[in-house]
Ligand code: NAD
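Next up: a single chain in structure tokens, the form predicted on its own.
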């Protein structure tokens, strides 16, 4: 590490008093310590009424043997403070360690991830100088549930979980956010043309909730074309609400289109806590070199101060930051010879912001120092009447290598011949391959067999069937019960079924 840019050992920046709020602070990994040092220096100089309480998350905790990356002591501090300012964390690859970010968001109930993506033209290069988009990302479920299995020699599985309560809460929060901040439109991104049940639920609930906010325009986009339009013409969007994976991807796209991922900040909001962080990673390739841009974390700290009711300090810091950007004082990620005036280090940028505290930008729109910050209402979880649920069949997933589908079908038919079921389909990777397979379909050793019951089912029938299949030499690796809910099919058809 270059000692010139090595961050100092973290110490609480302010001392506790009756006028300050305790805030958990985690430096993070890679560039985390240096950008956190720069951020805390600015907060201290601006008079932020906080007491930083150090917590250790990430690499050191992983190396100490805690797979979550969060120590028991850290959990105690996080529960006590309810607010976390967090540097970027490196998740070890290939070790089974879980992402600290995902663990914190889900464990602390931080259901909403808010990522503003704003252009600062002409002082930060962008092809879209008027861009001003806010991504509202569902934070707790979807593929980020992290439920994965290896099921056969050839096939791995990741479960996508989408629940109605979480979907309704994040969509309603997006509309509340738009209302609180005077935004004109909310757009929904999903892929319900393919994932008709999970993403279909997201789209359907969006339309239901949108009807309750007639003053706010709304529209829906399939995620692929929506992301393309966001990159090409972000001016057509205002607030975007979407699922966990899609939101993670498009917020990075939007931040880069606006000027730089290094400027991206995010807040993670829950009913009983909040976490604030830059959207970028730990960038270990430049750690300790003084090249990192602290802006993402600093702007996240501004969001934190607004959340804490310290809008005056938040506006002071944001205006000083805008004035610094306008002055052409830039870190390496946004430095352009034709735009910038001075290339500075991480701490040099913090020095420049501190020197401009109390100033306002002359061209970029300043933050209003006396204006109260309106917080969106956090929606309550809504539980609906349970549906009438009828068991009608079972999908049985089978491991069978080096076998043709007709031979497999014969084996399954023989094994289940005494059971009150009909084999209606065999699929491979979601594609129907029996009856009437297409010879071009690539086959793996992972098969789904759909059994529909020919009598009124009871909870014991699936187990009777599985027992018969096992006795018949069929290797069952997974099952999914098939239900109807209020008479509607609660499972998807196979491709080609």
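Residue numbers count along the first chain shown, from 1. Everything numeric in this text was worked out from a predicted model, so none of it was measured.
Another form, the form predicted in complex with nicotinamide-adenine-dinucleotide, is not on view; read the next lines as being about it.
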query: Residue contact check: residue 280 to nicotinamide-adenine-dinucleotide in the predicted complex, 4.5 Å heavy atom; finding: yes
query: Interface membership of residue 117, nicotinamide-adenine-dinucleotide in the predicted complex, 4.5 Å heavy atom rule; finding: no
query: is_contact(residue 395, nicotinamide-adenine-dinucleotide) in the predicted complex, heavy atom dist at most 4.5 Å; finding: no
query: Heavy atom of residue 330 within 4.5 Å of nicotinamide-adenine-dinucleotide in the predicted complex; finding: no
query: Candidate stretches 167 to 175, 292 to 300, 313 to 321, 210 to 218 - the one whose heavy atoms come within 4.5 Å of nicotinamide-adenine-dinucleotide in the predicted complex; finding: 292 to 300
query: Answer option from 152, 91, 103, 198, heavy atom within 4.5 Å of nicotinamide-adenine-dinucleotide in the predicted complex; finding: 91
query: Residue among 402, 338, 80, 285 with a heavy atom within 4.5 Å of nicotinamide-adenine-dinucleotide in the predicted complex; finding: 285
query: Sequence-ordered list of residues in 26 to 63 near nicotinamide-adenine-dinucleotide in the predicted complex, where near means a heavy atom within 4.5 Å; finding: 31
